[in-house]
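One chain follows as structure tokens, the form predicted on its own.
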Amino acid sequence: MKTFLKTIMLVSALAAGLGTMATLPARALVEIDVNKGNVEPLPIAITDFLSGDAIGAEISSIVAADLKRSGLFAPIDKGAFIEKISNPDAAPRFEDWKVINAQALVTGRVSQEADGRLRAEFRLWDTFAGQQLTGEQFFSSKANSRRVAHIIADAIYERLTGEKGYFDTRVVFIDESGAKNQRRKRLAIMDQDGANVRYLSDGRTIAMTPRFSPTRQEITYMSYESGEPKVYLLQIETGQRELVGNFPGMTFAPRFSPDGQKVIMSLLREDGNSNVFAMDLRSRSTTRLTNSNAIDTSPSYSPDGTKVVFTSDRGGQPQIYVMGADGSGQTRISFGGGSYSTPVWSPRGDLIAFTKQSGGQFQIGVMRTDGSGERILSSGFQQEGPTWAPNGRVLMFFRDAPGAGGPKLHSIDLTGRNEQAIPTANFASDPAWSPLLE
């Protein structure tokens, strides 16, 4: 976002004479190994950031909520704190934090610059080694204070896990309101934690399957205007909308290529078959990638752009196939019982997420890119549409309940043990996670 200025200072710049990372002794704190199947959450103390108003406590609360929701951290109740931090530039009394088993400690300050900008700084401490691990400061408008909190949470997550965080991201989705047989479906966008909801369409026409560009704050989606399926590009910040094309019959789930220069989708043709097509967004030329007497749908590129995963019922029921980005080498990779749909490649390139229908249940699962190692993460009455966080460690999907209710959003990590409901004011479906914001 152009209005947001991020300035990262080296640890030595915030160390106040405590030394730099290069001279610190070996750490006592054991980093979280996110590759383990069962990770015990790390006890972490997050103090209210010092400030002249409530904004410091608000920022630290958002940081704590982000880290807790990841399932990798267990923020300690503030009522257990012994030391009251009065100077975040000074080393804390580490013994007071070790007593309550706070293996990591976060302190900080929020102030206002002379030009009106917000200045937020934090320090992450290893309490058992008695040393600072990292320290950063950020400048922003007050309106962006939530983003500052998410960026701080990302920095802590990365320092303690060795992997990029995913908190400074947004999710585009379909907001659904009204009776079940007369739903008003609007494009909406929110922070990954459900805050800052903003509507991108007015609901006068049905919008479906929004998908983020991997290279910019832009989405592609389907809309039934004039009763015909149309594919649009929408610039999130400006609201500028561009028609990609009119497609007779039916269009399914357009997605961007990794470089953002193409969209890939399935089109229903006059022969009654649905096949996969790629469109160059500059020339608007369309290339047919599959040519089967079946329903080929839900294509998704690998992160390096060399392969495409898709669903086809050419074998009798919907299964997952992989092919080259030019349509070559189409190979089935799923062989489990039931039917598969909505495959999507992990941004890490190592896994494919999918929806599976088996035994009267809808399941969200993952498999390796050759089809091996299939694991079911979540089962429910009706759930589908997985989308990956940009670090490839968490999925979001939507689940519908029986009866007069409606779909709601949920997230789950790759262990399958940390499922979280995402709060939304109305019913919500078809989530798509953004890349990390810039």
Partner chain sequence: MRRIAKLATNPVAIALMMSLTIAGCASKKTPNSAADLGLGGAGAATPGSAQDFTVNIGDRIFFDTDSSAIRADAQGILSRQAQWLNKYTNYSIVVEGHADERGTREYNLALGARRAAAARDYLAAQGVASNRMRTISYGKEKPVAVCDDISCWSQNRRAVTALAGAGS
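Residue numbers count along the first chain shown, from 1. None of these values were measured; they are calculated from a predicted model.
Below, we refer to the form predicted together with the partner chain, which is not included among the displayed structures.
Contact annotation: Glu384 falls within 4.5 Å of the partner chain in the model of the complex, judged by heavy atom distances. The closest non-hydrogen atom of Phe335 lies beyond 4.5 Å of the partner chain in the model of the complex. Interface residue remark: Gly360 is counted as part of the site for the partner chain in the model of the complex, having a heavy atom within 4.5 Å. Shown alone here, Arg146 lies farther than 4.5 Å from the partner chain in the model of the complex, counting heavy atoms only.
Listed stretches are 45-53, 376-384, 65-73, 408-416; the contact stretch with the partner chain in the model of the complex is 376-384, by a heavy atom cutoff of 4.5 Å. Proximity to the partner chain in the model of the complex holds for none of Ala80, Glu163 and Ala195, with the criterion being a heavy atom within 4.5 Å. The single contact residue among Thr287, Asn101, Asn87, Gln235, judged by any heavy atom lying within 4.5 Å of the partner chain in the model of the complex, is Gln235.
Checking Arg348, Lys142, Arg93, Lys180 against the partner chain in the model of the complex, a heavy atom within 4.5 Å turns up for just one residue: Lys180.
Residues of 290-309 lying near the partner chain in the model of the complex, listed in sequence order, are Ala294, Ile295, Thr297, Ser298, the criterion being any heavy atom within 4.5 Å.
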